[in-house]
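What follows is a single chain, given as structure tokens, in the form predicted on its own.
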Amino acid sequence: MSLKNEEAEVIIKVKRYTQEKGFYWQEYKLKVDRFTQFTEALRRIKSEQDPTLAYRASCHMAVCGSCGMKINGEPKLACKTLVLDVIKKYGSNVITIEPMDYFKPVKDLVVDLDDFYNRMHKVKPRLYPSNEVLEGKAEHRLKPEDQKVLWKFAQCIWCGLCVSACPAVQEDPEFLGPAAHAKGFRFLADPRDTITEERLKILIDSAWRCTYCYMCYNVCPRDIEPVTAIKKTRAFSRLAKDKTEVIKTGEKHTEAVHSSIFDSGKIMGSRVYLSTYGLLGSMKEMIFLMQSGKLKYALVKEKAVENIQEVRKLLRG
């Protein structure tokens, strides 16, 4: 498709919603140029074609996080996404726009974010300084190396895209979600904070519920890498006093993976699974493998990689 003079006519199919009708699709046609963001396209549709269309937008510069939605199935900020870029990427001038997944729809592209905000506030997203600082008797100083660790995770704009894309949030109500963990780790790792033990109770169990699918990494418009915050949070498990079964199982799994790599240079799935869940815990999975004819793969005897000593040097640091 030719985009002569960097202009094109686009068909935008919006997945709309009302309590009376439920979900339904509606098409709109308009011309766009190389400067047209999706927030601008939606504004023109609302002002020139259909004033009943509902969506959220505010800053138009990827700072407020208001305009999260799915564009051609991908969670994105509408203000940060150019219409022509999507046309070029998919080779089609027909584009779909839908409300974010997971969240309850309110009207059209507007979703209810109460659950998201509750998760964010649950991690206590502010610094709790010492009494000396509050009384004006001292001040907190942050070293550059500490600031370097915290800065990335402080950039979250609460857009909800990562939660919309996260399968673990949808399957496990006890998982706080990637955005909450990014914000929670920002304060957990802050040496000025004084409620570390309380934060551990809030964050550690949830951190071990992440499935490491990296969807939050893929969709974050600020390159925050919430999954990295979750990994770093897990490292605080050693400080947790009352460990849940989820935490204990996660630590067993980590030890099993380390042991497998140290002994063979490989992650041997059957050995790791058995070490993590024990014989009784593995029986259900073994029955499934037997029924599906895959048990033979679990029983394959692996050979250690060559130069295993080099691998062990890396693991020892």
Partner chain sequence: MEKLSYDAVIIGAGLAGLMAAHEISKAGYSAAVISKVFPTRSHSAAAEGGIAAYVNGNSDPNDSPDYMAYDTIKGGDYLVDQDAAELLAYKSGEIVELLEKWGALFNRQPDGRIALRYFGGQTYPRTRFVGDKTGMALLHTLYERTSGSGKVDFYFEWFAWELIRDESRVRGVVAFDMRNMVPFFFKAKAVVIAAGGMGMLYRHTTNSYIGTGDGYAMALRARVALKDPEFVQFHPTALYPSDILISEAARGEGAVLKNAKGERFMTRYAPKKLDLAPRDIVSRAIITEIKEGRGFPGGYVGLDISHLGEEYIKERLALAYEAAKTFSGVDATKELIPIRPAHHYYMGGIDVDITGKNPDVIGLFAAGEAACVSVHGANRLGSNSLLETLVFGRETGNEVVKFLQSFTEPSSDIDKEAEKAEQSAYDIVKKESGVHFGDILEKLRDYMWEFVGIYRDENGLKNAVSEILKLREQMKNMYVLDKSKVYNTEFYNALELKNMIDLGLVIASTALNRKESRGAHYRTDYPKRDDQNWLKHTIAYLSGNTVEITYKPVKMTKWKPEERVY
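Residue numbers count along the first chain shown, from 1. All figures in this text were calculated on a predicted structure; none of them were measured in a lab.
Form predicted in complex with its partner chain: not shown, discussed below.
In the predicted complex, at least one heavy atom of L82 sits within 4.5 Å of a heavy atom of its partner chain. The closest heavy atom approach of S282 to its partner chain in the predicted complex falls outside 4.5 Å.
Heavy atoms of T276 never reach within 4.5 Å of its partner chain in the predicted complex, leaving it off the interface.
Contact check for Q19: a non-hydrogen atom falls within 4.5 Å of its partner chain in the predicted complex. Proximity to its partner chain in the predicted complex holds for all of S47, P129 and Q147, with the criterion being a heavy atom within 4.5 Å.
For the candidate set L53, V272, I261, L30, a heavy atom within 4.5 Å of its partner chain in the predicted complex is found for exactly one residue, namely L53.
Residue in contact with its partner chain in the predicted complex (any heavy atom within 4.5 Å), chosen from A240, I195, C213, A154: A154.
Stretch 185-193 is the contacting one of 229-237, 185-193, 167-175, 198-206, since its residues have non-hydrogen atoms within 4.5 Å of its partner chain in the predicted complex. Contact residues in stretch 202-232 (any heavy atom within 4.5 Å of its partner chain, taken in the predicted complex) are limited to R222.
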